[in-house]
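The form predicted on its own is given below as one chain in C-alpha cells.
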Amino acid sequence: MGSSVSRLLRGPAVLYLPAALFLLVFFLVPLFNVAWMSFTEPDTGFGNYTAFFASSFDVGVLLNTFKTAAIVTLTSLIFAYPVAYVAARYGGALGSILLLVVTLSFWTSFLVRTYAWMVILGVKGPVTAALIMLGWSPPPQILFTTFASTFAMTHLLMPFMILTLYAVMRRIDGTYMRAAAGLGAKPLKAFTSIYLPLSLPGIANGSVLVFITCLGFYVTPVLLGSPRDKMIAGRIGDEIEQMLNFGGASAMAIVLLVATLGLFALYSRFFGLDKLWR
C-alpha cells in the first residue's frame, strides 16, 4: 500500500492532484451538501421534490426557463452567424475589428453590461428618446419587459456563439466554395449545400453552450425583465432570501442540474462531448 502511494506520488498522476482537490473542495462537497439538504430540510424524504412538481407555478417557472433559453439561443445564432461568417471567410481588417469588438464584449462583466442596458432601455435612455423623436408618443415601456430581458441576454451570450462558430468556420477550406462556383453553383446554392453543413458542428457547440449558460441566468431577468418572466435561478434566490427555505431551493437546484445533465447526455449521444471544445 505504501509503495503504491509512493509510486503514485512520483508518477504523472500527481499533476492531477491540485485540480482534483480544488474540484473536491469547491464543487463536489458543496454539491453533495445541496443534494443532502434537498432530502433532509426541513424533513427527511422526497417532500421538497413532491412540493416542487405539485406546484404549477414552480413547474411553469422551470418551463419558462427552458423556453427563454431556447429563444435566446435561436436569436443568438441568427445574429452571430453572419458576424462569424464575415470574420472567418473574409478576415482582414474587417474581421480583426469584428473579433476585437466581440472579445472586448466577452471580457466585460455580465453585471456591467446588464446595468448598461438598464440605462439604454430606461425611460430617459437613448432608445426612448429616439422613439419620441420619431413621433412615437407616448413611447412604449421597454424596460421591465420580456423583450428587454431576452434582448439583453442575447447580447450577453452572443460572444460565446460567435467565437464558437468562428473556431469551426476558420477551418472550412475556401476552395470548396470556389470549386462549387467553378462548377456553376450560385452563391446561395453553394452556401446551403457546402458551407452551412460544414459549419453545423459550430452551430451545435455554440447552441449548447448558450442554452446551458442561459439556464442559470439570475441577475439579467431580475433587473430587466417582467416579474412574469421569472427564471428558475431567480425562484431559487427567492426561496433562500425571502422564505429561508433551503431545502426547497436545494431541490430546485438539483432539478435544474439533472435537466442540464440530461441535455449534456443528449448532446453527447448525437455529437460527442469531446467535440464541444474543438
Partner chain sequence: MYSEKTLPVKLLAVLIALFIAAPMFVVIPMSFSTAPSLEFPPPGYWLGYYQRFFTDRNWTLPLFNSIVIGLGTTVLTLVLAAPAAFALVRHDFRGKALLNLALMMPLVVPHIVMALAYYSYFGMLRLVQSYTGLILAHTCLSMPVAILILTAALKTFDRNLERAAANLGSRPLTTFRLITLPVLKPAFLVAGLFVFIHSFDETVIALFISGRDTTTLPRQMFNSFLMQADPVLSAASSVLFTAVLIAVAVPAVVRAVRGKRAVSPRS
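Given the structure is predicted, the values throughout are model-derived calculations rather than measurements. Residue numbers count along the first chain shown, from 1.
Form predicted together with the partner chain: not shown, discussed below.
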Please name which of the stretches 121-129, 164-172, 134-142, 198-206 has residues with heavy atoms lying within 4.5 Å of the partner chain in the predicted bound form.
-> 121-129
Counting non-hydrogen atoms within 4.5 angstroms of the partner chain in the predicted bound form, say which of 31, 51, 243, 63 makes the cut.
-> 31
Do residue 219 and the partner chain share at least one heavy atom pair within 4.5 Å in the predicted bound form?
-> yes
Find out whether any non-hydrogen atom of residue 47 is located within 4.5 angstroms of the partner chain in the predicted bound form, and reply yes or no.
-> no
Does residue 158 reach the partner chain in the predicted bound form if we count a contact as any heavy atom within 4.5 Å?
-> yes
Although the partner chain is absent from this view, report whether residue 104 comes within 4.5 Å of it in the predicted bound form, heavy atoms only.
-> yes
Every residue in 74, 96 and 227 with a non-hydrogen atom within 4.5 Å of the partner chain in the predicted bound form?
-> no
Out of 176-198, which residues reach within 4.5 Å of the partner chain in the predicted bound form, heavy atoms considered?
-> 177, 178, 181, 187
